[in-house]
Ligand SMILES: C[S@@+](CC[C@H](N)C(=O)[O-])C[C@H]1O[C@@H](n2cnc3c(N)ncnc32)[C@H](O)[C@@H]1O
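Only one chain is included here, represented as structure tokens and corresponding to the form predicted alone.
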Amino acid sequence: MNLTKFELTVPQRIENYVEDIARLENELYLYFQPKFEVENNFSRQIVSFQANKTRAFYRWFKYKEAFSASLIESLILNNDISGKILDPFAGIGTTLFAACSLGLDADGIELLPIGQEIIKDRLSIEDLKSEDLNILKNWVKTKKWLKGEKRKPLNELRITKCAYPPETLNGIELYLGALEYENERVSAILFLVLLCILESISYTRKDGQYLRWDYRSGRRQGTKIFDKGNILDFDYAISQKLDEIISDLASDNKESDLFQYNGPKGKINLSNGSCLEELPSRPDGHYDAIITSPPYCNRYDYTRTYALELALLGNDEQAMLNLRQSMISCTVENRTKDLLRINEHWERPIAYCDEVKLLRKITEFLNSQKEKGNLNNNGIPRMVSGYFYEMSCVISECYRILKPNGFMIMVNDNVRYAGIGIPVDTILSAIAEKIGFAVDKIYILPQEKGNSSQQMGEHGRTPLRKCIYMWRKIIER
């Protein structure tokens, strides 16, 4: 089967494309309109990392792409979800730890080493002893890294070269050398602390598709001068984060004050790798619910935005390239994946994807814009088509491994390219129905998302829906 079928185009005037897309989008919207519901409780703060900033443990590492623990707790409790949970895009483990705190077993799959490390280090907390906490307190009190003689060189990538002021780089290397003298439990927490502060002590700021560089770094980035503002001193930043983590570890109230659960905690199991590779090995009907947020079809390249952390974790240039190509197609550098090589049984979900007329028309339009030189990156049509093919295969596997009446709950954003909105919510819901899911609800956040500044400059401001999909397995196929 030709997995680049969407890339075939036919001559058509742009006006006709726009009219056809608007008509097909409206038809699909009207079909799902009874399922749409504006949910005021699902604010952008809740459906993002923002609500985690005051939550013990969850606040340690700023993972902007994460949703909040409060959202997961609400979804589990309000839908009477019990049993075993899966998050195939586990990120830093918000779903896993929130479910675990409510007594549910939770499996996760995560590709990026930064997410794997955060989850592993948080799980290691269960083995901490009181003397370990005292060692951490002593690190803050004495600034133990300043007394060390051993220095461990910091791994660098091309994208992270000159990321820190010289005195900060010196502090990082002394800190890495000193933590190696501690036991495995303490060194894991100390390493986690360092991961949590890298952006704040660097010349960089995470900015969607790339790292934005402060002018003081000496690295040129476009014509505009970027001033990040205050760059934290290493000793101050590491001490503040250590204090925060020690406070959370010592606190008796480690769970949400909104959803108390006094029973035994669930168990967490994490698999490292791509869910495209991992899901086919899971048994049929194994999970009671799947709660996740996949990468959005928005060109964000997590290997670049989290380059500082990936470098600290020891990844080299080839590892970065491999990670980028293994991700769900969400960035313009993703090449077309041979999905039938991964799983020969995916012909049906691929065909379901082909059957969505709106998606075919959108991809034809994007290819016509590519041929006319109207796209700012020629990889956009390939990325968009790849995203839906791959997500269709993921949804198909999730359907297979869910128990009957099990929920698949997904947070996702709609996107816009070349002035044309792509309603990811209705397109994926249409594919999910073909696979066998019933679309119970599509919750719309009350605050819609604006399109990018570049899109607004060329096509005006058009709000985009951010939604939470509630699909339920009702048909065995």
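What you see is a predicted model, and the numbers here were worked out from it, not measured in a lab. All residue numbers refer to positions in the sequence shown, first residue = 1.
Another form, the form predicted in complex with the named molecule, is not on view; read the next lines as being about it.
Visitor: With the partner absent here, would Pro349, Met410 and Ala432 each sit within 4.5 Å of the named molecule in the predicted complex, counting heavy atoms only?
Guide: No residue of the spot touches the named molecule in the predicted complex.
Visitor: Answer with yes or no whether Ala99 is in contact with the named molecule in the predicted complex, where contact means some heavy atom within 4.5 Å.
Guide: Although the named molecule is absent here, Ala99 would stay clear of it in the predicted complex, with no heavy atoms inside 4.5 Å.
Visitor: Determine whether any heavy atom of Phe89 comes within 4.5 Å of a heavy atom of the named molecule in the predicted complex, and answer yes or no.
Guide: Heavy-atom contact with the named molecule at 4.5 Å: present for Phe89.
Visitor: Give a yes/no on whether Ser274 approaches the named molecule to within 4.5 Å in the predicted complex, heavy atoms considered.
Guide: Ser274: contacts the named molecule in the predicted complex.
Visitor: Would Phe42 count as touching the named molecule in the predicted complex under a 4.5 Å heavy atom rule?
Guide: No, no contact at 4.5 Å.
Visitor: Taking 4.5 Å between heavy atoms as the contact cutoff, choose which of Tyr443, Tyr417, Tyr63, Phe57 touches the named molecule in the predicted complex.
Guide: Going through each option in turn, the one that passes is Tyr63.
Visitor: Taking the named molecule in the predicted complex as the reference, which of Asn269, Ser326, Asn343, Asn378 has a non-hydrogen atom within 4.5 Å?
Guide: Of the listed residues, the single hit is Ser326.
Visitor: Based on heavy atom distances of 4.5 Å or less, which listed stretch (400-408, 105-113, 191-199, 132-140) is in contact with the named molecule in the predicted complex?
Guide: Of the options given, it is 105-113.
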